[in-house]
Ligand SMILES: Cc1cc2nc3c(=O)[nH]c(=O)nc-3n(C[C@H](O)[C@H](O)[C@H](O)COP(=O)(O)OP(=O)(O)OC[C@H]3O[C@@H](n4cnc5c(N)ncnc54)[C@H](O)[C@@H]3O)c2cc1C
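This document starts with one chain, in the form predicted alone, laid out as structure tokens.
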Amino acid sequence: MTETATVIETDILIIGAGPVGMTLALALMQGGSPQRILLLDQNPRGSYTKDPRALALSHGTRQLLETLDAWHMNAGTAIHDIHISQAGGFGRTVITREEQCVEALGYVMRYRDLASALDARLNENLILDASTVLATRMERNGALVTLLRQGVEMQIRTQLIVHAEGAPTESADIRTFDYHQHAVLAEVRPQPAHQQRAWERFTADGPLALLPLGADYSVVFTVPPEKADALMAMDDRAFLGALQQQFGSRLRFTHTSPRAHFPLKLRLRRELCAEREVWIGNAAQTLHPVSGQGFNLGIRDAWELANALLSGDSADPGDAHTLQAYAQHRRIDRTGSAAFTDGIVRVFSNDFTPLRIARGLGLLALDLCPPARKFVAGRMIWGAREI
């Protein structure tokens, strides 16, 4: 190993300066944490300005971000109602903001706008960017992280490492289920205008979601891998035709953006914490995108971890009892969100006739039973906080 140029001392090292990592740092700062906090990011600071991805944010996430004074109101498109139906079968329901007594059921915002709002609240010296972690070693009263930054090897001593970037890797500690589906992403222009309505359309291939974003819809088109390849190879006109056929005739689509796609798997880390380490957000779990639960779950991870660290009995942020208490507290929300999304995908992503009839009856019952509809909406908006 070459001679290290710098040794940095901190108390809490957050690896990953995306929205989840930044939310944790802000929550700790606003809560008056006495610990020194450092965010470590593999990308140059501000690189998120080139990220065009759209995020589905629940009303509950807005409430948390507003508490941190990090809500970018003008950048989000509000969802006033959600129309849920199945292709080739009867039954549908509509969830509205008026029935849930909220200003909006959720919002669609570009990743870059949310990251910018969070970053603007952080101290200039809080983030160590363009850094690659080379090794981690546990010591008696902390951890030693070796990293490479701008060609210089550095070391950071910390009492707690928070992993807040990347998806869970394949290992014995990760429970994985492959849905054998890909999500094809695009933005399309609808006619008539969307009027703040989102659509969740269940098909035999998988769920099709249309989320209002500006004047367009952000589309999550879930299909088997071979169909995803075919959709990616189509020209714009053919793609719009395939989308139209899958969605139906309620709307017409006139323009589309370039497309992207990625495979869908459920990944759950069995243990959220280890010796002086804890995992949050996508580093702890990745869910199917149906109903937009995954990112919002990650924001709740950050919020609850901040609360656990601020209210813990020990001054040591890496205290094992504090971390175990956090992991136990997150169990219901994590497993509930995973079961909620996984159950929807398994029940709706097929064309088995008896099940299609049962789905239709379920949607009809949901439409006729406001308390059941309110519970489903609350689960989508607040996660386990609703329970």
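All values reported here derive from a predicted model rather than from experimental measurement. A residue's number is simply how far along the shown sequence it sits, counting from 1.
One more form of this protein, predicted in complex with the ligand, exists but is not displayed; see below.
Novice: Which residue among Gln63, Gln30, Gln324, Gln42 has a heavy atom within 4.5 angstroms of the ligand in the predicted complex?
Specialist: Only one listed residue qualifies here, and that residue is Gln42.
Novice: Out of Ile95, Val223, Ala104, Leu185, which one falls within 4.5 Å of the ligand in the predicted complex, going by heavy atoms?
Specialist: Spelling it out, the residue with a heavy atom inside the cut-off is Leu185.
Novice: Heavy atom to heavy atom, is Gly166 within 4.5 Å of the ligand in the predicted complex?
Specialist: Yes, contact at 4.5 Å.
Novice: Whether His329 contacts the ligand in the predicted complex should be assessed with a 4.5 Å heavy atom distance threshold; does it?
Specialist: Although the ligand is absent here, His329 would stay clear of it in the predicted complex, with no heavy atoms inside 4.5 Å.
Novice: Is there any non-hydrogen atom of Phe295 lying within 4.5 Å of the ligand in the predicted complex?
Specialist: Taking the distances in the predicted complex, the answer for Phe295 is yes, it comes within 4.5 Å of the ligand.
Novice: Decide whether Val20 counts as a contact residue for the ligand in the predicted complex under a heavy atom distance cut-off of 4.5 Å.
Specialist: Contact check for Val20: yes, within 4.5 Å of the ligand in the predicted complex.
Novice: Tell me which of 314-322, 330-338, 65-73, 49-57 has residues with heavy atoms within 4.5 angstroms of the ligand in the predicted complex?
Specialist: In short, 49-57.
Novice: Going through 249-264 from first to last, which residues have a non-hydrogen atom within 4.5 Å of the ligand in the predicted complex?
Specialist: Heavy-atom contacts within 4.5 Å come from Phe262 alone.
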